[in-house]
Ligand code: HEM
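For reference, the chain that follows is the form predicted on its own, supplied as structure tokens.
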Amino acid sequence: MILLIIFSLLFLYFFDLFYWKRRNLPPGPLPLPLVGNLYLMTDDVKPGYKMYEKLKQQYGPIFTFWLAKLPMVTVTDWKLIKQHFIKDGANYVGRPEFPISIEIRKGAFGIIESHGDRWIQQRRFALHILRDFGLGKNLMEEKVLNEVTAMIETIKKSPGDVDMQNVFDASVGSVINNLLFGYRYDESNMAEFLELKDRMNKHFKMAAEPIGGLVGMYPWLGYFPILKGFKEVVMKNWVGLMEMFRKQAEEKLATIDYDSDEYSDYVEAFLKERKKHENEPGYGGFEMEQLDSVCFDLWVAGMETTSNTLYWSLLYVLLNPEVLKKVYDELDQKIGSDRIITTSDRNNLNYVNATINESQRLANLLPMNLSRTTTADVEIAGYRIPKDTVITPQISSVMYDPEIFPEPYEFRPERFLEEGTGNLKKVEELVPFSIGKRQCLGEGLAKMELFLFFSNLFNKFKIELHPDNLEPSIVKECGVTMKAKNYRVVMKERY
């Protein structure tokens, strides 16, 4: 009798695992108990692009990937992504709640991981504040150009051996930190920046590992000795970042002038808005926990992706001498001096813009795009997807699609230029900032930074790889965002 019960329970368990819970979802690889499809993330398919390519070839443009116990419908075809996530975007604005994130953030706070009314409220507030600070206007450009000038002066101090990853990190980090907290990084507070950067790098690297997905879905696994150390490091890095942001917010809270309607940075604007809602439950959505998470989201997103893209773009250009020559030729013809390039020059620098576009495409920083959840029952490619299903528009598959970008792993800026005229052409499949209503709210700032840092760097300096470098590699280092392996350069002023 006992054996019959055991076999019956096992039968029901495997029936649910292998059939019942999968019956209404698009096809996909068989999920194993506990780990789901994380077993597919082996060394030969990292950092993830190849895995999705194989799954697309095997199961078609829409398939289900199981992140431990969580089914994630993955859409890899551009036409389907455009049809549903852009034209019908309101049905795809939810966010899944990952247990470890909820444990650390104390709830679905922030902008990146929030959903529903909170996400609408906080995204609208963030856009309002960013516009007040001059997003898309001369005021924001002036702040970025201040960091461009500081970058140039930093390079001049030691042009013979430059680690541009550190330079880009500090420069781009200063832009977002100035927006959030009202100050930039220099010699007096560089230790603070380096600690933030180190914590962030460790967090992103560990979160992208299969074991990171496992602990993320089952935080209780952190109590087992074999995984305890892993969870402790993840918690320490993430919580450490949040605590550093909270400390700065509390310092501002102690000196804030509520009698003035003006604000000099995002945190001050948030705290003044919080004061207006102090008599409402949860401060009307402006809790300190919300501020912690917003600072984390904006700081990490505002620095990591832009800085890494710049570092990749420099490497790609230096490894392609014909591209390097064309960049210099255009700068000489269109600018012709060492003056600072501004956004007013953008329309005259078609090849520079095409090179930045191709760098974003090939760098393809997110091997797995941020997932969403459906806010209504939908139908995609004949599959009925119920409300609250996790779904991912897999933009990395689009930007490496050989039917859209022939020879996708080749660096060819000409993809973004019109034949004959050489004018910059719009390619809608270039979607590094994601798509739809969950598209990156800092896209305008990031594009401005990429253009101003890239164009001024090459206009000011003749750049070569340092002779002591080993052969520079374009193999990506796995993380939530893909980093280039470290390399060093030699700079020489051009004028």
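It should be emphasised that the depicted structure is a prediction, and the values quoted were computed from it without experimental measurement. So that there is no doubt, residue numbering starts at 1 and follows the sequence shown.
What comes next is about the form predicted together with the ligand, which does not appear here.
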Answer with one of S359, S174, T305, T76: the residue that has a non-hydrogen atom within 4.5 Å of the ligand in the predicted complex.
T305
Partner-contacting position among M41, I463, L67, L445 - heavy atom within 4.5 Å of the ligand in the predicted complex
L445
Residue-level contact is defined here as any heavy atom of the residue lying within 4.5 Å of the ligand in the predicted complex; does R372 satisfy this criterion?
yes
Going by a heavy atom distance of 4.5 Å, is F433 a contact of the ligand in the predicted complex?
yes
Flag K272 as yes or no: does it have a non-hydrogen atom within 4.5 angstroms of any non-hydrogen atom of the ligand in the predicted complex?
no
Should Q439 be counted as a contact of the ligand in the predicted complex, where contact means heavy atoms within 4.5 Å?
yes
Based on heavy atom distances of at most 4.5 Å to the ligand in the predicted complex, which listed stretch, 48-56, 445-453, 26-34, 422-430, is the contact stretch?
445-453
Though the partner is not shown here, which residues of 104-119 have a heavy atom within 4.5 Å of the ligand in the predicted complex?
I111, I112, W119
